[in-house]
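The chain below stands alone, shown as structure tokens; this is the form predicted alone.
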Amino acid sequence: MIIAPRIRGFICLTAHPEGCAQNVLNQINYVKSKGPIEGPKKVLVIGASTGFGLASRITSAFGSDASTIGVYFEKPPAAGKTASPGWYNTAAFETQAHAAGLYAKSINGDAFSKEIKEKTLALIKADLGQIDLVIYSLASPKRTHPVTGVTHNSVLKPIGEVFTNNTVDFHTGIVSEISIQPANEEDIENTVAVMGGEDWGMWIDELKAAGLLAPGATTVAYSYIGPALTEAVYRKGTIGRAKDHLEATAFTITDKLKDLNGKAYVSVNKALVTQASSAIPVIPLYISLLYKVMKAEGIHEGCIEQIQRLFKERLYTGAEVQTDAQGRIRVDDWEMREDVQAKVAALWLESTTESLPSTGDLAGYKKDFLNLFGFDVAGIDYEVETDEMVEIPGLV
């Protein structure tokens, strides 16, 4: 079939298998170009099919020759209907990993569930024995609690008062003012239940109880802080409360791993175009301005550049891991530079529908958004038919 993007709001309903495969190959080639990393050898990535999770799996495998198990929740293809992009990403990754002689298997299902945890533990026990790195990179709008059975839905809301600021429809380029009503306590609790650290802690508890964590094992979850411009709707909003919980969980996990000499970290990463970030009001406008500034400064990074730098310059240097005063690894350091933020803040005040094509990098934002789904990828002919029925070689 000939596959074209069908966009509805901040999601694309189609994905292009060859475009996704080329994106994965580009990331693999980037990691290879940066040289080997004396890093992990047996890696579990929870949320492994897109974004930072996919980049973590690629960096582990092609930077450190690691065996990897990926857990994710993706829609398979059906005749005449494409899979979700993470399905095609994973198929491409595992094809490349197997060609390179690397172990790569995966499990498709709800990572919050007890069933998928048990299935993953059984696979690790059978094939790898123990894991020395666990990456936790889940992004989901809802979670059914495995103990209570209650389904929690996360929300993107400020706390305390109405938030009003500018945002952009990145499809049309129209800049407009948006107001978001504040969250109530139930909203906050639900968002923390979905996006906080409880499930990360459950994964580590089960892995440790089963004896599947190697001595010195490391686990890393991903977070974001961002600037004053976005803090009311992000870091000081419902998501921020969840991120606070996630970051506090790192200390709890580290205490539990002391007998293994293990450690849990939260890595604070840069703002990037993802399906999740595209859904947050104000963030697309901020990212388009940030891209403009960081590209001009020569310090722009995508997911793979961020994670390769995290592994090579933070986690696996042979020295003690450097953290901020709150114990977090910071690879948002270039984004949060004072000069970068000052320039973004100045552009924010100038940005209108008419001026945004020059003040921001909306074209770069749109391209990155389409790339998430395998579209607008260099070297792919979108006018020819492609087979949507792609299988994942290592799917268990």
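Not measured: the values here are computed from a predicted model. Note that residue numbering follows the sequence shown and begins at 1.
Unshown form predicted in complex with a small molecule; subsequent notes refer to it.
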(request) With the small molecule left out here, work out from 96-104, 215-223, 150-158, 164-172 which stretch has heavy atoms within 4.5 Å of it in the model of the complex. (result) 215-223
(message) Exactly one residue in F112, Y88, F311, W200 has a non-hydrogen atom within 4.5 Å of the small molecule in the model of the complex; which is it?
(response) F112
(request) Only one of I124, V282, A276, A193 comes within 4.5 Å of the small molecule in the model of the complex by heavy atoms, so just point that one out. (result) A276
(request) Decide yes or no: are T50, L138 and L272 jointly within 4.5 Å of the small molecule in the model of the complex, with each residue judged by its heavy atoms? (result) yes
(message) Against the small molecule in the model of the complex, would K243 count as a contact residue? Criterion: heavy atoms within 4.5 Å.
(response) yes
(request) With heavy atoms only and a cut-off of 4.5 Å, decide whether Y265 touches the small molecule in the model of the complex. (result) no
(message) Taking any heavy atom pair closer than or equal to 4.5 Å as contact, tell me whether D132 reaches the small molecule in the model of the complex.
(response) no
(request) Give a yes or no for E301: in the model of the complex, does one of its heavy atoms lie within 4.5 Å of a heavy atom belonging to the small molecule? (result) no
